[in-house]
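Encoded as structure tokens, the following chain is the form predicted on its own, with no partner shown.
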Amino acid sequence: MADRWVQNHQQDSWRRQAKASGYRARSAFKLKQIQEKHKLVSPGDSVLDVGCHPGGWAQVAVELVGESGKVVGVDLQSCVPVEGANLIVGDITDAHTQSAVLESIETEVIDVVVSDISPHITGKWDIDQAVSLMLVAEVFDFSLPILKYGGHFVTKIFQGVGVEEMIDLVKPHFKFVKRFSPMASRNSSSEVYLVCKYHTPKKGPDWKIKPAFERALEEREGGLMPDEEVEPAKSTFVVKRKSKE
């Protein structure tokens, strides 16, 4: 199976096209197709690229913002520098990394956040999908305070439990929220991209996505422990033992 995967990967037309075009990964075409459909990035914009390794999205972002724009990328893995982008190695959920990102942005607000971030894959789909959504929620919580009014946000999500809850929580922060599947995504993949446009900052103490998402999942799974005041229902069920001969 591993040999077959390698063969299919090498024969991937998008991968070949990326190599021929000078992009580091086929994922570059995902962002290009998202941009073509939804027009997220404009010349002169400041863009934060979360999960930037190996640099394909940063390459596309630099092309889109032009010389007057700014691109800052962050990822746990280091990658070859991208001309026109400042790439930071670190965990976006870590306070020190977040401070480094803010210093690198050099402005109070940012125009666009693009995220192709994924957790370390364990191979257990339900765990990987759940961890991925939690990671997305944390990226939202870091990005929303620095995303300008009217700014845009796009992130990869994997279809499954919790996606509808995530979308419902994100909608109050944007005027437009829609799922989009680029042609460059693998046919066998469950990934889609959540495109969020026209940021309208939610006011109040409950603006954060992650705590609300955790509560939503608890309610989905039946809520917390049952109320102690509820009396147990009586049952007529009895266990009958076999008589000995």
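Keep in mind that this is a model prediction, so the values were computed, not measured. The numbering used is simple: start at 1 and walk along the sequence shown.
This protein has a second form, the form predicted in complex with a small molecule, left out of what is shown; the following refers to that one.
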Open item on the list: When the contact criterion is heavy atoms within 4.5 Å, does Leu76 count as touching the small molecule in the model of the complex?
Closed with: yes
TODO: State yes or no: in the model of the complex, is some non-hydrogen atom of Ser27 no more than 4.5 angstroms from a non-hydrogen atom of the small molecule?
DONE: yes
Open item on the list: Contact with the small molecule in the model of the complex for Gly69, defined as at least one heavy atom pair within 4.5 Å: yes or no?
Closed with: no
- [ ] Look up in the model of the complex whether Cys52 has a non-hydrogen atom within 4.5 angstroms of the small molecule, and give yes or no.
- [x] yes
Task: Which of 103 to 111, 146 to 154, 161 to 169, 87 to 95 lines the interface with the small molecule in the model of the complex (heavy atom within 4.5 Å) - done: 87 to 95
